[in-house]
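Just one chain follows, in the form predicted alone, and it is written as structure tokens.
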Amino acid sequence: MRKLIFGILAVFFVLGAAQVTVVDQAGREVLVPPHPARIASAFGVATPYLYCFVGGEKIVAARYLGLPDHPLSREVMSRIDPAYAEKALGGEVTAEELLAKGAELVFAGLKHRDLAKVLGEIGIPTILIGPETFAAVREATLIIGQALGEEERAQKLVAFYQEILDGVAAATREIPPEARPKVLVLGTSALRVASGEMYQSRMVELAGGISVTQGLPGSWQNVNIEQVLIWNPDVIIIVPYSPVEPADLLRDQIWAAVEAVKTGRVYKMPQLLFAWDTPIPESILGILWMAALFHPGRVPLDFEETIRAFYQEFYRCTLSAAELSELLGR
């Protein structure tokens, strides 16, 4: 009997030693299994990170928030994960459906604390992330890499971020504030703007611009055209999931007095898979795209080659020249 008890204790000791303790972005210590084979994302922001680390065969369920219903996007996503459409979760993810999918490890957002608690009670560890700044994107990358046993790949992704940020910073460091463009980021309508506290405004600053909404608190805000005229941005960026197109503003007499409209500097951000203006790995491409618009010819990085390298290295997907041209509207 004593041998049996010691045998059982030895098994528990070995299993416990093999597990990894991860501190997530909610400050929770989470014990995760080594190299989990069945992973789920209950948070649209977490999903792109998972695809950067593991193949689609390990992802059993996910939120694909903002993935465009576009032939190019569907084609590329299908190459990355042929079964992605069958794995899609609805808006309110429940513990029951994650359990039914056989998830061994779940990634969720800071808003999902209650879900994490329920999952923990049934033995499914949950990592919570909340990347609201680019520093937090780097942190989330390292946390997820640790949880998945992919620390080396996480370091490689962080190094990719840093190379681009260093290149942009070096190219724009000597530009005085008065020579940096004033930038307005528009959301799902022409007069819905990203506040100064949002990730999009941080991206503008990292790209060498000045967000005109610096003093505006909160999240997306509705404003009037008079406020836009007061800000008088030099550049307008429209997020990729917006129904608003640059032509809508360029031909609208109400916007004609805005500097960005007068000079034709109104642009819609590209999107292939997940939106480049959100706090995900692909947002580094959004920062580089902005920097090239704000300071033409100054940033020494090859934009098309950087895009191709990102999708090849981290999503394991080769983009053709035609696909790159379609993505960039060329």
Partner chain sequence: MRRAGLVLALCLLPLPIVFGSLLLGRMDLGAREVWASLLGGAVPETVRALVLRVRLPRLLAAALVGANLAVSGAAFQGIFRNPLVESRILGVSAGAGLGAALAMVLRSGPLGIQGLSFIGGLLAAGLAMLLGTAFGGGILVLVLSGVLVNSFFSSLVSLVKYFADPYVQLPGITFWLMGGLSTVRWADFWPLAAASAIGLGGLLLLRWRLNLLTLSEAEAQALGLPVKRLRFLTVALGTLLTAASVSVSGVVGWIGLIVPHAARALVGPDHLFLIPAAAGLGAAVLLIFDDIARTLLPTEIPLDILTGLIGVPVFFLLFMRQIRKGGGWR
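Whichever C-alpha set is largest while still superposing within 1.5 Å between the two forms counts as the rigid core. Treat the numbers as computed from the prediction; the structure is a model and nothing was measured. Numbering follows the first chain given and starts at 1.
Here the subject shifts to the form predicted together with its partner chain, a form of this protein not shown in this document.
Across the proposed site, 61, 102 and 122 without exception lack any heavy atom within 4.5 Å of its partner chain in the predicted complex. Among residues of the shown chain, residue 178 is not one whose heavy atoms approach its partner chain to within 4.5 Å in the predicted complex. Although the partner is absent here, residue 44 is a contact residue: one of its heavy atoms lies within 4.5 angstroms of its partner chain in the predicted complex. Its partner chain is not drawn, but in the predicted complex it has a heavy atom within 4.5 Å of residue 111. Within this chain, residue 146 is remote from the site of its partner chain in the predicted complex, having no heavy atom within 4.5 Å. Remark: of stretches 153-161, 169-177, 220-228, 76-84, the one touching its partner chain in the predicted complex is 220-228 (heavy atom within 4.5 Å). This chain is displayed alone, yet in the predicted complex one of 250, 210, 191, 118 has a heavy atom within 4.5 Å of its partner chain; that residue is 191. Heavy atoms closer than or equal to 4.5 Å to its partner chain in the predicted complex belong, across 248-264, to the residues 252, 253, 254, 255, 257, ordered by sequence position.
In a rigid-core overlay of the protein, residue 270 has its C-alpha displaced by under 2 Å between this form and the one not shown. Relative to this form, in the predicted complex the C-alpha atoms of residue 270 and residue 68 separate from one another by 3 angstroms or more.
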